[in-house]
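Only one chain is given next, in structure tokens, and it is the form predicted alone.
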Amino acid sequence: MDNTLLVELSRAQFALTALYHWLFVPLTLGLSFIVAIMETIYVKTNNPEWKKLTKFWMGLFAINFAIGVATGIIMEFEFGTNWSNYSWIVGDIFGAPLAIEGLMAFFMESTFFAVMFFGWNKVSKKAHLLSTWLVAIGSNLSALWILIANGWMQHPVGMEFSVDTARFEMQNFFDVLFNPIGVSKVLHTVSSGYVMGSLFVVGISSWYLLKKRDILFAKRSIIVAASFGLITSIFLITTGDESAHEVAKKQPAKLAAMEGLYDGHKRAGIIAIGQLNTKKEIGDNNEDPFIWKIEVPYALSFLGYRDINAFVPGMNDLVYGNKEHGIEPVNEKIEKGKIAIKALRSYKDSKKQNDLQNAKIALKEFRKYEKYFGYGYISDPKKIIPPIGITFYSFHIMVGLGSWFAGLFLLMLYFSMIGKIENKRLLLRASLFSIPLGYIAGEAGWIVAEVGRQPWAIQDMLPVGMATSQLDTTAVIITMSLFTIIFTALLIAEIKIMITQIKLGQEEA
């Protein structure tokens, strides 16, 4: 069996599932709170127009919620089917947040979803409003636990490797829960969902204004969504800065790829926009990294380390080492990793033979080099650098679009407040076409997070190549093909149903 092909196919299948899943999740996160805010206004004012408005957006939320659940369940099953080695090695830690998500958050949102969607005129206004808020909170709690698990993959803490079971075992749940990478990932990812929900409502409402129908409904929707979107987009930018700061400290190779930084230096600048030189390679000093670029001086040192004079390591420093700044060469880490692997094998063999003295010596040797264990499976030092092109461009697309969204919400809110929004047809069109841009920004963010972590399934500890199941490649190809067909059909179905509902308008829908 070609293990390289198996690994790449398994990665491709999981990437397919994750990217499709994220087409549904952010709208669920953002639209749930927008609907809850609208229903709160209805309960406070007792204005039936706000009830109609709430029910319209709630219907679109329900369509998206139902299809999003299907892709999410499949993605979690893939940990057992395609990544069983990963599940065995880290299941004690990774499984805990996912179990809490299922038991607490998913059941809560599913239960109150029924009350929210079918409970109109069956429960009191306040009880219905409570169910709507609980659905929103439950949806976001689901995201919280999943993102905490993902944050642990980016920066593993709160555990210890058991030499007897060859598994990572949890030592401190709260270290996992309050992992700084996990916290910043939760805040940044969830707030991106709020922005996506706001873009959706603002964009669809703009379409109504362009068509000169449901005018009052559209204007009210824009004011609520643009206000929510402006606040959350500012928060998104703030959490993005903190997330990049954590990446600089914990995942320097990802940061270097995000900025196309080959040679580290002090007072490093951020590339605002630029074109990578595809001829440039790690260790090659003859080619410039960029064909052209616009750089903001000192910004990378400051944003990454909160000091404009800070040294930011580049890809060459991380691969070949930098003694001045205490960066160890990868080839030395690989050799130490191989010593750790050999010591672990010696420990197990000695235990089987009841040779406790040699087992004790081997265990001491393993613990000495334990932090390099994952590097022992890396064949080429350059492989510790993630794919540069896709990481760099995805990061800059995400940042650029995020800045545009904040400006868009500000303009939409301003012209709505002064009563001239229906006359700004160019702005309305920009709002409508910003809906797909929101999805592009969200997917780009996940590409940065996950492609930027390569080659690691668990940062610095477990390479992706050691995490897969021993499957036949044909089985992976067949399931990936089936998933592609199913997910695409679900996406087309959602789009068609939503377009039908939107064309019907507030009254008929």
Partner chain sequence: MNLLYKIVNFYIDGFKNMKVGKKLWLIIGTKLFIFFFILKLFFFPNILQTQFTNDKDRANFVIDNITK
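Remember, it's a predicted structure, so these values are computed and weren't measured experimentally. Residue numbers count along the first chain shown, from 1.
What comes next is about the form predicted in complex with the partner chain, which is not displayed.
- Heavy atoms within 4.5 Å of the partner chain in the predicted bound form are found in one stretch of 269 to 277, 338 to 346, 218 to 226, 184 to 192, which is 338 to 346.
- Of the residues 37, 466, 451, 43, just one reaches the partner chain in the predicted bound form with a heavy atom at 4.5 Å or closer; this is 466.
- Screening 238, 84, 172, 403 for any heavy atom within 4.5 Å of the partner chain in the predicted bound form leaves a single hit, 84.
- Using a 4.5 angstroms heavy atom cutoff to the partner chain in the predicted bound form, all of 163, 373 and 486 count as contacting.
- Taking the partner from the other structure, the partner chain in the predicted bound form has a heavy atom within 4.5 Å of a heavy atom of residue 71.
- The partner chain is not drawn, but in the predicted bound form it has no heavy atom within 4.5 Å of residue 19.
- The partner chain in the predicted bound form comes within 4.5 Å of no heavy atom belonging to residue 457.
- Proximity of residue 9 to the partner chain in the predicted bound form falls outside the 4.5 Å heavy atom cutoff.
- For the partner-free chain shown, 466, 469, 471, 478, 479, 482, 483, 486, 487, 490, 493, 497 of 465 to 497 come within 4.5 angstroms of the partner chain in the predicted bound form, judged by any non-hydrogen atom.
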